[in-house]
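Form predicted alone, single chain, as structure tokens, below.
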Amino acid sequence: MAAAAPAAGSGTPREEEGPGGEAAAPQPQAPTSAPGARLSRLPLARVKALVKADPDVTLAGQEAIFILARAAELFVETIAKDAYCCAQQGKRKTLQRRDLDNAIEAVDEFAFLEGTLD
């Protein structure tokens, strides 16, 4: 089985074939070392400061800080997309607090957030 390789000139990975011939999900590619390219959209120093604010944390390695920053990015992206869907149902393009409330109520994975925006 061939590994995912970028298509010539496109910079996007080709899909691999999984068992049975169906296309497998594309594997994430390592970030490029282009000038100005950032591995995280959140400032790692700020994430580290938030982690160190917890009295139970004594040490936090750079890899752990990066993983926490990436997880936070994915979480914000996911909840924002779900909230935007709620805004679209209301025929709006601007997110409002009620859209976040509706997304939290509609998605089971966000149940731990219920009541936090009150």
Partner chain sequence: MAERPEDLNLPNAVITRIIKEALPDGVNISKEARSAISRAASVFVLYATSCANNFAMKGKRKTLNASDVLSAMEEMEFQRFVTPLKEALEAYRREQKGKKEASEQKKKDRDKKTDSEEPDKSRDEDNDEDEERLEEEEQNEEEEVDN
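Residue numbers count along the first chain shown, from 1. Source: prediction; values computed, not measured.
What follows is about the form predicted in complex with the partner chain, which we do not show.
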Q) Does Ala106 reach the partner chain in the predicted complex if we count a contact as any heavy atom within 4.5 Å? A) no
Q. Is Gln62 close enough to touch the partner chain in the predicted complex, meaning at least one heavy atom pair within 4.5 Å?
A. yes
Q.
I'd like to know if Ile79 sits close to the partner chain in the predicted complex, meaning any non-hydrogen atom pair within 4.5 angstroms.
A. yes
Q) So in the predicted complex, does Pro43 come within 4.5 Å of the partner chain, heavy atom to heavy atom? A) yes
Q) What residues in 52-75 sit within 4.5 Å of the partner chain in the predicted complex, counting heavy atoms only? A) Lys52, Ala53, Asp54, Asp56, Val57, Thr58, Leu59, Ala60, Gly61, Gln62, Glu63, Ala64, Phe66, Ile67, Leu68, Arg70, Ala71, Ala72, Glu73, Leu74, Phe75
